[in-house]
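The data below hold one chain only, encoded as structure tokens and taken in the form predicted on its own.
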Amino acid sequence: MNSQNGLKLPLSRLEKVQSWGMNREVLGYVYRPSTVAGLQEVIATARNAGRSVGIRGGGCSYGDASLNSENVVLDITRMNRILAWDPATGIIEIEPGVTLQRLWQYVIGDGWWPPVVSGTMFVTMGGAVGMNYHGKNNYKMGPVGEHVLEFDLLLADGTVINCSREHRPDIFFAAIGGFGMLGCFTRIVMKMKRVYSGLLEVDAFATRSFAEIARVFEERMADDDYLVGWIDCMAGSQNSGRGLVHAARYLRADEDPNAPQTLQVAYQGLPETMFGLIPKSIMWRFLKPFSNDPGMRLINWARFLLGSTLGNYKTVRQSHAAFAFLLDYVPNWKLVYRPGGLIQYQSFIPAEHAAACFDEQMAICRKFRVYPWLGVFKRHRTDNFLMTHAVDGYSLALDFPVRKRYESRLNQAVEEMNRVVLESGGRFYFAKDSTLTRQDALTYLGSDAVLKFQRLKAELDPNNLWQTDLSRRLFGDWDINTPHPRPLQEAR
């Protein structure tokens, strides 16, 4: 799209749009249609103005995946209707702006739960399917796309097509995880998971290394429905990879005599205070004095100490929402990372190389003196989606604060970590990315997958209407031979 030609867009539509990680903020022409006809009008307006269109849901992508600098930003949050629900089969039909919060609250009273959930309930399901998000049960349930039965997709020319595993499977497996580059979902049909209680049985225990946590995950995968590890990334080389594991399983029909109550939305609500005293809405302010490396080292040390002593090998029952949505436990917690924001670096490594690769990543962080304040460890399985991030192995998500004074060191560390990941046969995830180069993306995706996607892009969007800052950074005009500069240096 040539943004220099065509009609001018109204300045009243120009707004600041920020990444979830607060590491990048741009100006875009934001439109919020509430119907398919409204969507079609927006893309017609963009075409006439010579502008590209980027799709934005809840804005929960850490980097530039939902930003579209000086072009049209298509905000789908007003398309938030539940179109149909069958509590007998667990099949639900929704618009793309329906949030995960609305989804689980709508179905839980009938004994159902979304089969895959993210760490926050404020994502839209259109964004979730577009990024093919995963959860703490990926090794068992796969990504969200495995539970999509069909969808309607709005194309760049304004037409709407239906896709499923039987009808246009090529588009089905490419648009799911296709980060909005083939079209905009207008209707999504999904299958929920039957649950017999609003509670999970959760085990908590400590591990001392990446090798140990991986071994424990392998031993427990058959019996546990969810597995997730918190990693103390501030620990020194002698304690690299130490952390705390939370393993959870669904309760059977006969294990919760109070199921009619625990399956109610009111029972699932997250508490509004910490320790029954401090409003959680202001908790981030109490954390702000610790928003530096020494402060976070102290918090990480204390968390591991308490978890490995008082909480070690404790079993509790916890609501689905309390276990799932840890990112929502302290509202606005990410403000601790201001003024520079944060990037999340998540790599997915085959099981046989994971422990060594993650140990090397921690060594690189120590070498360049850039320390993740948070680390999360998960188990994954492969899937059949074209632009997948999944491997039969593990992922480690690292939250790095972004500060001007060591941005150069962070760039160098990321570059080295990318090399280690790619040498280990690893992959990355567009919803989290702020740092990949074009060559990194082409290396892990493989030329066959990128060329297949490129052919679909040419068929469905020949004028490259659908774009975002992420797509331009990694793929540009989809000529995969054109080099691009490093991203973090452009992120200001």
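Don't overthink the numbering: it's just position in the shown sequence, from 1. A quick note: this is a predicted structure, and the numbers were derived from the prediction, not measured.
There is another form of this protein, the form predicted in complex with a small molecule, and it is not shown here; the text below is about that form.
For the three residues Pro115, Gly142 and Ala248, a heavy atom within 4.5 Å of the small molecule turns up in the predicted bound form in no case. The candidate stretches are 362-370, 253-261, 238-246, 125-133, and the one lying within 4.5 Å of the small molecule in the predicted bound form by heavy atoms is 125-133.
Think of it this way: in the predicted bound form, the small molecule has a heavy atom of just one of Leu436, Leu465, Val42, Cys60 within 4.5 Å, and the residue is Cys60. Arg56 is the sole member of Arg47, Arg427, Arg56, Lys457 with a non-hydrogen atom within 4.5 Å of the small molecule in the predicted bound form. The small molecule in the predicted bound form is not approached by Asn68, whose heavy atoms all lie more than 4.5 angstroms from it. Within 4.5 Å of some heavy atom of the small molecule in the predicted bound form lies at least one heavy atom of Phe185. In the predicted bound form, the small molecule lies within 4.5 Å of some heavy atom of Trp333.
Put simply, Lys378 is close to the small molecule in the predicted bound form: some heavy atom of it is within 4.5 Å.
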